[in-house]
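Form predicted alone, single chain, as structure tokens, below.
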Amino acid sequence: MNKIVVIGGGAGGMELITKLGQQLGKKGKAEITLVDLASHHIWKPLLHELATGSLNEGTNALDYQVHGTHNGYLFQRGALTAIDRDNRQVILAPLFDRHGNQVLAERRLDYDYLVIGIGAISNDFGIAGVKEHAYTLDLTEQAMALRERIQNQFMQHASGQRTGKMKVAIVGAGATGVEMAAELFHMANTLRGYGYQLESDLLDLTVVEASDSVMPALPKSELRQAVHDKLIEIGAKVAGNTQVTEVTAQGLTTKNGELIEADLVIWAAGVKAPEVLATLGLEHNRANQLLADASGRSLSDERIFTFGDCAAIPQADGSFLPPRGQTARQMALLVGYNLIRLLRDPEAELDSYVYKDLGSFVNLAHYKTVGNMFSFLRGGLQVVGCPARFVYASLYRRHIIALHGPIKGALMLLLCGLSSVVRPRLKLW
């Protein structure tokens, strides 16, 4: 029986593994295995909500092992460390618990086809102090650690053990940065409603951006300006055209020598592919992305496919696919389709992916949602307010239904909706 191993259980990886499991694994046509370092999946665009407690991981996390049982695939927890291409095996690093005790030894998994979709990690651009003094939002564990830090600081201010402003600097004014900023203001307001004695102007929050505009991915200047204006309205400061040269315990040092003081630094300035990809013996670029053709097949090995932020896939005009969630999802589904065709006919011609920008959305907590739909059609359609919020929310609903099916997915969304009514708006611990 053919064996397909998929590395990475992110948004694209989960939709791919679900498709392969249902169409191949359940029918005994192939053995499908998912590998991920975590034990569960949370939709990455919501990690900023997890970091403030707006998202409850108990009702929104998907357990890989359980999901695999119901959808025809196996699960192995671990991190990719190497590939033995001669023997068609992936090598997983030993797994340790939080106390440093080894749980699982190094393992080898056989494959006939391998799919690598481990996404991206925050790019510190070699700037000193980022790893030591800044929080990132690449993994669920990082979001949980950040939530503990934020809640502790709010509690200290509420009890009087911390005085003065709560100084926060968020580096990067893309979706993660601006959404995180709005969530922090929303969190402060909600905590006041829970009896926390917090000043209305407690947060001294600065969003730092190297370019001249927030949300540079939004194609229309009116939308970028709307996001900027709302951030200012809720109390944030925006420092555009500002390059960070160092992060210290005191805050950020900029290129012009200015110090932006911060008790808490959140790094959302950019992404790069994980460094392990540059050690696998596969062709890659300077950003560690694996080089592949438009079908997702690696240029180095016809048995290996890749997609998402960790892949460098060219388009007809010579450009490469942008690191977007919609790109990862669509490319993952195409890779799944191509693998199914290959199992039927090893000489089958594979389909190629042609990128179309379907749009971008940003949700500033309950303050405002803006976006642009169908950007490939003469700039697209500008959407603001309730319609934008509906479309933004529908992206997550679509993901849940893709993973669980229409009936179970609808029931899970209903459960989450009921939970948001009966439970506190913030999960504090």
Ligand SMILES: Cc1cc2nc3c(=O)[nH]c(=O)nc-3n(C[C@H](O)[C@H](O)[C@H](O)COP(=O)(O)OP(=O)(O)OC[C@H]3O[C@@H](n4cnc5c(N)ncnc54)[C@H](O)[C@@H]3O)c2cc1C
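Only a predicted model underlies this, so the values are computations on that prediction, with no experimental measurement involved. For every residue, the number given is its place in the sequence shown, counted from 1.
Not on display, but discussed next: the form predicted together with this ligand.
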Q: Find the only residue in 176, 242, 298, 289 having a heavy atom within 4.5 Å of this ligand in the predicted complex.
A: 176
Q) Can you pick the one in 137, 158, 74, 342 that has a heavy atom within 4.5 Å of this ligand in the predicted complex? A) 137
Q) Thinking of 183, 190 and 385 as the candidate spot, does this ligand come within 4.5 Å of a heavy atom on all of them in the predicted complex? A) no
**Q.** Partner proximity in the predicted complex: residue 45 to this ligand, non-hydrogen atom cutoff 4.5 Å
**A.** yes
Q. Going by a heavy atom distance of 4.5 Å, is residue 35 a contact of this ligand in the predicted complex?
A. yes
Q.
Taking this ligand as it sits in the predicted complex, is residue 119 in contact with it (heavy atom to heavy atom, 4.5 Å or less)?
A. yes
Q) Is there a heavy atom of residue 24 no more than 4.5 Å from a heavy atom of this ligand in the predicted complex? A) no
Q. What stretch, of 76-84, 164-172, 255-263, 204-212, brings heavy atoms to within 4.5 Å of this ligand in the predicted complex?
A. 76-84
Q) Going by this ligand in the predicted complex, which residues of 322-346 come within 4.5 Å of it through any heavy atom? A) 323, 324, 325, 326, 328
